[in-house]
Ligand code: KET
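Heads up, the chain below is alone and in the form predicted on its own; it's given as structure tokens.
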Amino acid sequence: MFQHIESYAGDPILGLNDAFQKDPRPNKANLSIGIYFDDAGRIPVLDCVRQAEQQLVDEGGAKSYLPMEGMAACRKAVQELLFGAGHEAVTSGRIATLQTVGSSGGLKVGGDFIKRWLPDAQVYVSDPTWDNHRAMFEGCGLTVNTYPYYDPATGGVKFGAMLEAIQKLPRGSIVLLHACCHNPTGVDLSPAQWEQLVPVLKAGGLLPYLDLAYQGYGDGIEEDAFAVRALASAGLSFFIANSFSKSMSLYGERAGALSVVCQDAAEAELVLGQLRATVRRNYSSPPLHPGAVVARVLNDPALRASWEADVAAMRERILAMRKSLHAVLSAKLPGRNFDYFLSQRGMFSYTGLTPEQVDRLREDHAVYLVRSGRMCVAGLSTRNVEAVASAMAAVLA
């Protein structure tokens, strides 16, 4: 019955992580998987999350199914976090929001919704983008194309080429955009560039799809919502999938959401109804625990303040590692410019290493990167950053 099935090669990043776990070398460094580690190399448990979970345990209560759209308190908190409590899009009720199984679940539900109700639309993603973007949208039956984004010569954005390409897209095209902390490059659009892009999206009749997995890791929780609020204020309809995996260190809880900004409340109600139907055909309803934790942290003033302080500390630690890496590399290879490590934002950076150089890093120095050259900066620490930088300098020399 199943002899014709092709072998699955596995996910390259998860496979690399497995290889790291089996590596017996004592000074190995894992800069591949997108998880935030503290300076001791541990995944932190945030105090605000610990307190929220204890409160939920103490309160007890039945664990019934959630509605298909998820917990109301969580959905409301997500809207206020992304758009601001007083934003017109929130107060007018023209946003349809689901609690989802991580932001990946949100992307999948949104993709299925698009295939059902906008069947001729094609998706355009940045070159490069997170590998699973293409896989997920193609899995929904959508055609996926690319637009220019990363410039290896400058370590920045090919903004002129990007803007020109987006201006030429067919009306109704889906444009996947990273709201901040671009994965895999760490290269973001500036607020000024977003202000140039938004009118182009609107004039072209395009449907943006934002991915916001790292809110707070770029410039701050409020600052990283700039693109979301700019699109909403401009009157565009758009999708946004967001995650709390990184910002609340809730990786295995799969805490995420999908919001669709519509033209008015009546349209939002239609969209929410069909999103419910999409969820029902998929996983039926989201999990209770992560929705309750997110709602408790975001809605309790003391827990919210604690969370914001933790996110700031994580962001600052990543920035400190960027500065340390830059300093060592600049000292060891003074003829080369490594300033892109300082201008890139969030958990990831494109190192400029070739696949062959990445292989040498792993084989000769026990430093694990994705073969594209993407590095998870959060895997650096005060204990390993100098050794990692020295290894990178050795393969770059």
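Just count from 1 along the sequence shown to find any residue number. From a predicted model like this one, the values you see are computed outputs, not experimental measurements.
Below, we turn to the form predicted in complex with this ligand, even though it does not appear here.
Classification of the binding site as open follows from the superposed pose of this ligand in the predicted complex: not one of its atoms falls inside 2.4 Å of a backbone or C-beta atom here.
Contact with this ligand in the predicted complex, judged as any non-hydrogen atom within 4.5 angstroms, is confined among 217 to 225, 242 to 250, 111 to 119, 87 to 95 to 242 to 250. A heavy atom within 4.5 Å of this ligand in the predicted complex is found for exactly one of W130, W307, Y147, Y209: W130. Note on contacts: among L258, C74, L82, A213, the single residue with a heavy atom within 4.5 Å of this ligand in the predicted complex is A213.
Although the partner is absent here, I13 is a contact residue: one of its heavy atoms lies within 4.5 angstroms of this ligand in the predicted complex. This ligand in the predicted complex is not approached by V294, whose heavy atoms all lie more than 4.5 angstroms from it. By the criterion of a heavy atom within 4.5 Å, H326 is excluded from the residues contacting this ligand in the predicted complex.
In the predicted complex, this ligand lies farther than 4.5 Å from every heavy atom of R276. Of the residues in 172 to 207, those that come within 4.5 Å of this ligand in the predicted complex through at least one heavy atom are, in sequence order, H178, N183.
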